[in-house]
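Have a look below at one chain only, the form predicted alone, in structure tokens format.
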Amino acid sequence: MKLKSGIILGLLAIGGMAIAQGLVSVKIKGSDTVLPLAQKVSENYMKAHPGSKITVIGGGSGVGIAALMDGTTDVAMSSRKIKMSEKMKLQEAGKNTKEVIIANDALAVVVNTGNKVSRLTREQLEGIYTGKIKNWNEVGGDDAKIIVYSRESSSGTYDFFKEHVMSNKNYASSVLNMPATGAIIQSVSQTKGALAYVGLAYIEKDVKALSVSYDKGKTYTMPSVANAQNKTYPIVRPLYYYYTSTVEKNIKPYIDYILSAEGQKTVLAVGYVPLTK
């Protein structure tokens, strides 16, 4: 019995030393928006703490939170706040959930580089996504059908756009739902009449970001880190990590790293909006 107790105490001591040295073993799953940031931060953390093992998988915010519910991930990354129904299910399963905002993100509206439209109002975006506006000539563009892309319903970005841009109105049945942001970028870059929304970090030269107005066309603002920080760009959202209190102690060094000045430098370098300037 003494021997068994000694082994347990020894293992606990080793575990405590590992945590003190910053060594962690973490599974992270969820939001495609958060994915590039989580991958880079985790890569940097493992370089600084050899022996740590961090795996990061996308799939959507809803997928990550579902994995947290069934115990197949330690951390769910999400581009939306956890829903009350999800929180209740976790509580019913005896899981106390912790929430950490790790960065902010500006949600950009993008079109094909050949599109002459350079700006849209919130009302026009709502009209396009609800199916009331179907042709680019209705918003100052060429006479061409608008090919509308969206993330699928398990995506936190899908929910955020519906709530904050579409005033909670339903997406039109003609909207093409895509499983990942990378697929949206590819589709927009190859389709002249396409329009979509993506996280700021995903903007590249193959697509064109639009200026957006939230005051019925009086002022238009481009999506950028600076405009998100000075609050002139209107479509900005927090990005979350969710985890249960049972793993909190083990992953604390990693969470502390993301929130540190060094971690927030990585946030900026990858194309997201740091929590502080």
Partner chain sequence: MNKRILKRYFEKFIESGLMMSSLVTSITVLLIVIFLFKEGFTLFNRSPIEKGMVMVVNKSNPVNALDAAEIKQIFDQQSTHWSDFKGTSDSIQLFRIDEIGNYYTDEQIGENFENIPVLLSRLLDSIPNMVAYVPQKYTQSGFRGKVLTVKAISLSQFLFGTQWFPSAQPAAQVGIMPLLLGTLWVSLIAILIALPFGLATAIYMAEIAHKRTRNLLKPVIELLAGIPSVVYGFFGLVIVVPEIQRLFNLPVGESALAGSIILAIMALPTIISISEDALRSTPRAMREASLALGATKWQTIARVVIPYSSSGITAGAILGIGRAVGETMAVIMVTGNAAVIPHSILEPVRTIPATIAAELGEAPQDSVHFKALFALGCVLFLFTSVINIIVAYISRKRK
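Just so it is clear, the structure is predicted and the values come from calculations on it, not from any experiment. Residue numbers count along the first chain shown, from 1.
A second form of this protein, the form predicted in complex with its partner chain, is not displayed here; the remarks below concern that form.
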Counting any non-hydrogen atom inside 4.5 Å, which residue from S118, N137, T113, S174 sits next to its partner chain in the predicted bound form? S174
Within 4.5 Å, heavy atoms only, which of I54, V63, A209, V225 is in contact with its partner chain in the predicted bound form? V63
Should the three residues P36, H49 and T181 be counted as contacting its partner chain in the predicted bound form, with contact defined as a heavy atom within 4.5 Å for each? no
4.5 Å heavy atom contact, V100 to its partner chain in the predicted bound form: no
Residue-level question: is D143 within 4.5 Å of its partner chain in the predicted bound form, judged on heavy atoms? no
Does T72 make contact with its partner chain in the predicted bound form, using a 4.5 Å heavy atom cut-off? no
Is there a non-hydrogen atom of N104 within 4.5 angstroms of a non-hydrogen atom of its partner chain in the predicted bound form? no
